[in-house]
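Okay, so here's just one chain, in structure tokens, the form predicted alone.
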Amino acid sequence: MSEKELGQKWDRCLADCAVKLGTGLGLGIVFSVVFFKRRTWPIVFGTGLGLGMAYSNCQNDLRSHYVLHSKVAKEE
């Protein structure tokens, strides 16, 4: 795996982490306000769920050596 490929994978991981963490946080806040009378556990649960999903995706992406993503395949 070249340094360029590793950099692209890390960029995808960080972007995926930001999206999933923000979505989990946002959904946690909405559920906390609307359904659970402003308790904090839905916020923590949503954030943890988003972070866990992002970690799992990054781990899977960094371990796969031979998978070509469509964006990379189009550039070559």
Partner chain sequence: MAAKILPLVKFATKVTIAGGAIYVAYDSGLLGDGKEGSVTLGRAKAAIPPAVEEWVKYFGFELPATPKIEFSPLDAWNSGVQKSIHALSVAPSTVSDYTKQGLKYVKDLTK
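Everything numeric here is computed off the predicted structure, so don't read it as measured data. Numbering follows the first chain given and starts at 1.
In what follows, reference is made to the form predicted in complex with its partner chain, a form of this protein that is not presented.
If the criterion is a non-hydrogen atom within 4.5 angstroms, does every one of A15, L27 and V34 touch its partner chain in the model of the complex? Yes.
Touches its partner chain in the model of the complex: N57 (any heavy atom, 4.5 Å): Flag for N57 set to yes.
Find out whether any non-hydrogen atom of L62 is located within 4.5 angstroms of its partner chain in the model of the complex, and reply yes or no. No.
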